[in-house]
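Take a look at the structure tokens below, where one protein chain is shown in two forms, each on its own, as structure 1 and structure 2.
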Structure 1
């Protein structure tokens, strides 16, 4: 520890406003001090007006480091504290709590990042030392204008809303209910289960997918604290953390629990349409059950297909079917919201790898339905005078695309992210085919095999041992699927094999399977309602992938499963449990504490121009029509500062970032740059 000469005496080194500032500079175990001369910085800062202590410490985040800060606050009567260390994202809360334990208001603390912003990005030691000095000098001028603040406290309605009835939504609802929370689960489709219901088995366990799904559904629907609403559309949602009001529209199911002769009703329906559950490989009736054992165990009517001819009603004797049923609306009150809206498989463009041109070019999802004993073909692969003898898998279709090489998608974007699950999924399916049909020749065309999950690499090893042939293609020159002029197989896959130094390969194929990526489900209306951050891949973006991995920037809204990126079932369930845990902890507090850095309107200066209403991205400002002034909702405001920056009459200031504080900091930085 280094203390500047005379800095501990507390005599004569105070600012005229009574600020007694303590500055603590961290070595960060060498991360900072190996580049920045921290002793020299401490000496320079110790000469500034108002600084009564300027010292260094090896690890300020450690217990001894925090103890030092507490000790000096009490010994020297410090009323402002600056810590120059690593990113505030990591330890700002740590030091706020340290300051509070010493009896000082935690918002009289300022955190300066001299690791990520200085030592890690500035190689020249002299330049780094000067830069660190300037940043801390600016913080000294800023903290002189800080005022004590109190956290906002908002009551929380003890109920949760889970949007999405796939595996992630089900797990989140189950975990919340098991923690004693009331839960409403809202699903857009008539049946629960999502994408997992369309699988046959799960990797890496090989467990039957619908058996595993059934257990989770039973745990959810049988719990007294869970209310499940299917066939429901979110219309709008308003409110803030602790007090959300969500209006939903429940579409008529057309059938109810009084329907006993369900098979008769389905059989009597004359209308058919493409069965989306089988990815278009089969047809279903206008009144239908999505899959065997689905929940609710009651048929639903597809009103886009139904002609209301009444034949299903006649077949069951007029009981259990209501063709005149109307939609209804209701408002759900919740303290938190969990988004578990899932994903969609990537749909190849017409002609992409021959998709849509050749009937024997299918997606991996379609293959999985074909392999399912309860699928459209009873588990049989397409026949052509017998079982197919050559099957080709092509990886990274709609994933890891290269600009200018792969086709640009209808949304204008190139899917350059890894879909994460399709490598293992393709190998899983290939091994299943090999197990059932050992005579089939399987060739796997890939960029890179990314079997990243625990136990997933085993699939690659088993595939190699089983004789599956691997051909590595150059992503700049992806394979071409053409008709086979020789006629021994209907298709021909052409590419060059990087594993053999770029030799040209022509592989006849009876079936080509495209291992497609995943894209986020279209939830544009929810993105607008909850002001969701969206990543470059169009998936929902969490606040921080490590520190806050299942939270949106909007307080009280959490993420579960594949709405935030490609995940396998295990990962989706883990994310859902994490979201449930964070949600339950928030509800259990009965109130939520939030930082006080929100906007405040000076009523005397406000002219009622409403500029702030038009720029606020969180709808946190309203107009008081009686007084003709703007009013900020403390619960909804996130402290983004947009209103304060655009107010033409300077009537809006933001706690923690008012004009005096920001200008003092900026002036100090400019003066430091001039001196440098």
Structure 2
């Protein structure tokens, strides 16, 4: 253990109101101490009134570090503790627990951020040292005014809402139900299964995607604790962890379980539209089943296409179809929410690698549909005068894009991240083609082959052994897809091959497959509703990739699967189960503890002017009509402080941030500062 004791002033330094303050400054293994002279800071702070201990330690968050704090609280009778370390988002909770273990009220603790706000951003060592000293000095003045507080305890409604009926949502629902929790699974589409249903076989096990999916669906829908609601969208959601109320709207399905002659109903429909299940490669009817074996096994009517001509009704003798069915709304009560809203494949821009211009330029998702024996062509690839003999794959389409090279997306950004699944997915499909048609010549235009997962590298090895040709292109000069004037194959892919020292390559192709990336499914409404954090890649952002990888910053809302980032099926299922595990832990505790930093109305001072009602962003304040004063809902208040700042009568104070505390802190911060 490396410990650098700082100055330790005598116990005669006690503050007049009895505050005995201990200040602990963390080196953070050099993260802080490489820039900030922590020993000097400790010496300076040790001179302040009320500070009975000011010391430094290599890693305060480690067990020995926490042990030091505990020991000093007991030994010196500290009644206020300040830790100057990393961001409070990382370890405020850690140290509050430490303080509590030593028998001190955990809200007599103050966390000062001298890493993210000082050592990581202030290069000049002297300035950083002074800044750290000033911040800690302000905390010293602030903690003198702290009062012991108790956590709010909110009981948890023992039910979960899972949003999204793809593989991740299904696995989360399965796990929660098996753990004994009531679950409602809400899916926007009329059928469960999401993107996995559109796959044929899964890498690396080679198992049938829909078989794997079907097993999970059966476990979910047969479980007595699960309610599955399809064709449903979230209208709004209110409440906090433990007590969410989510209003949903269920679109009419049009058909119900009484419908017996399902195929006849579909066959009778005269209306056709693009089949999104086949990524536009086929047509479907207005009344349709998404895929063979889908759940629910009842057709649904697409009201945007249906003309209500009644032919389906006639075909089945009037039973089981209701063209006048109305949408319904309901409110779901849940203690926690799991978001499993999934991804969309990247849709190439018009003209990107010839997409949209040449019909023989398709995406990997479309190829997978074409290879599916139950797909639009029964598993056959497109013919001209026979099967295609030359196929080109282009990797990193809509992934690993470079600003200034690739065209910006409609959101103004380039897709600069790796989509993780497309390399193995493309090789998996390429090998499937070779297995069926050994004569087909396949060329793979790539930057790096990222077959990282367990069993994935085998695909790369097999592809090389099978004679698939790899051409490595420079991402700054991506391949160009053009019409082939010579005519034997309709397309030509041109690039220069880095592996041969930059030789120009012209590869005729009958089919060009774009191994497209992954973008999050558009859930902007949910993002607003749940105040979700979103990363620069537009995926939902976890609190911390290692400490809290499946949690959103909003308490009680969890992340499952590819709404968080590109994942393969294994990874999405693991993430979903991890989210279920965290949810189950919360529910098992039966109640959740929340910070006590909420607003409180002084009934004597409140004039009932209702200004606070208009500014509260969380609808947490109501007016007590009989007494004519404002009342704060403890469960809903997030402690944002807006009302306290706004109240013209100064009748609202916020626990943990009352006027005395805040003003003392501000005054200390400004002490000696040049103003104006």
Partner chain sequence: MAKIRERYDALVIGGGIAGMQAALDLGEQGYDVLLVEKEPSIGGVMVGLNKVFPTLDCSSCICTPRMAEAAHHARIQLQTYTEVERVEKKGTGFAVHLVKKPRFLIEDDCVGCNLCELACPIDVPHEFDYGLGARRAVYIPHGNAIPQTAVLDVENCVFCGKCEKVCPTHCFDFTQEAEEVTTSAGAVIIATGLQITPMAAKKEYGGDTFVNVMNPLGMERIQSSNGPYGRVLRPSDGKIPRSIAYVQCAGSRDRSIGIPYCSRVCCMYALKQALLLTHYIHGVEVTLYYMDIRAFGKGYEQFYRRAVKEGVKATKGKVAKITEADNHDLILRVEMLDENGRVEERRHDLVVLAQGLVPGWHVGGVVDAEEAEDGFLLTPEAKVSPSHTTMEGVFVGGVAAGPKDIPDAIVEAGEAAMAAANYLERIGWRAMAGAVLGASAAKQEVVETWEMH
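These numbers come from a predicted model, not from an experiment. We call the rigid core the largest set of C-alpha positions that still match within 1.5 Å between the two forms. Positions refer to the first chain, counted from 1.
Shown first, as structure 1, is the form predicted on its own. Rigid-part membership between structure 1 and structure 2 is shared by residue 483 and residue 203 [C-alpha given to the better-fitting superposition]. A rotation of 12 degrees carries the smaller rigid part relative to the larger between structure 1 and structure 2, according to C-alpha superpositions. Here residue 74 exhibits a Cα shift of 3.9 Å between structure 1 and structure 2, evaluated on the superposed rigid core. Superposing the rigid core and comparing between structure 1 and structure 2 gives a CA shift of 6.3 Å at residue 64.
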